[in-house]
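Shown here is one chain on its own, the form predicted on its own, set out as structure tokens.
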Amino acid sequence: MNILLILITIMITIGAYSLSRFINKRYPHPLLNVVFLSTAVIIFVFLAAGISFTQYQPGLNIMTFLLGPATVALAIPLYRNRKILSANFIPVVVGIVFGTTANIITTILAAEFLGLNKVMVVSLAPKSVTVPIAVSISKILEGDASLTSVFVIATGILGTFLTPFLLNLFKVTNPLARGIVYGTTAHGQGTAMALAEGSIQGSMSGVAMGLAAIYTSFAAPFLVSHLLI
């Protein structure tokens, strides 16, 4: 029975993703982006079927394990577009550094302006990088690892909705620039969206995601110590 339930939850997840891809291609709108829509569909189906998160966890663990090979597979589009990266290496690095720095600073200042306590502020600071790195940074800053995980996931979901909307609003069409923005602001979930747009966007987003994570590991503790009141 447990094996059957695991298979059912995995199939629901795959089905929700496939349906969301189909709807997004047919009706390309920020509110109908794949990550946001598939998450909503999965939650709705599980609530309707009475499937709890605890019951979903085993299937989720299997799919999460596959994120490792999927991340490694990002090297394929990166290799195919290596000439573009090498020709624009300095602008790419500068863009990632400035974007990540602005991300951390605005997060800290906004959190302080809203009157959030120190634990909340430092837990928010690394929200735009992948969960394992964000949690490690949060622990160094004496934040709450659980809160950081929630903030990272929420950032990814909101990023997949807001990023294409804002890029289109400001008429940013360069695939390299779009990829960097996706990876810098919405980490892995943004990279998935970037790959759906195109090979260049996906490969540049993968580079941005990795470099932003490394840079944040050094920049976040420094910026928090100097900006946190």
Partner chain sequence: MNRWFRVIPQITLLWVIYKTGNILAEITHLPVPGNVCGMILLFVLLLAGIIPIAWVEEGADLLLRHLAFFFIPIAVGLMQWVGLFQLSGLQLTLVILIGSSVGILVMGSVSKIFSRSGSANGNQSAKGGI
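On a predicted model such as this, the values are computed, not experimentally measured, just so you know. The term rigid core refers to the maximal set of C-alpha atoms that superpose within 1.5 Å between the two forms. Numbering follows the first chain given and starts at 1.
The form predicted in complex with its partner chain is left out here; the points below concern that form.
- Candidate site formed by 14, 116 and 195: every one of these residues places a non-hydrogen atom within 4.5 angstroms of its partner chain in the model of the complex.
- Although the partner is absent here, residue 68 lies within 4.5 Å of its partner chain in the model of the complex, judged by heavy atoms.
- Within this chain, residue 27 is remote from the site of its partner chain in the model of the complex, having no heavy atom within 4.5 Å.
- For the chain shown alone, residue 19 is not a contact residue for its partner chain in the model of the complex, no non-hydrogen atom being within 4.5 angstroms.
- Although the partner is absent from this view, residue 200 contacts its partner chain in the model of the complex, with a non-hydrogen atom inside 4.5 angstroms.
- In the model of the complex, the residues of 62 to 84 lying within 4.5 Å of its partner chain by at least one heavy atom are, in order, 63, 64, 65, 66, 67, 68, 69, 70, 71, 72, 73, 74, 75, 76, 77, 78, 79, 80, 81, 82, 83, 84.
- Residue 199 is not among the residues whose C-alpha shifts by 2 Å or more between this form and the one not shown once the rigid core is aligned; its shift stays under 2 Å.
- In the core-superposed comparison between this form and the one not shown, residue 35 has its Cα shifted by at least 2 Å.
- After superposition on the rigid core, displacement of the C-alpha of residue 14 between this form and the one not shown amounts to 2 Å or more.
- By 3 Å or more, the C-alpha separation between residue 160 and residue 71 grows in the model of the complex relative to the form shown here.
- Distance between the C-alpha atoms of residue 213 and residue 71: shorter in the model of the complex than here (change of 3 Å or more).
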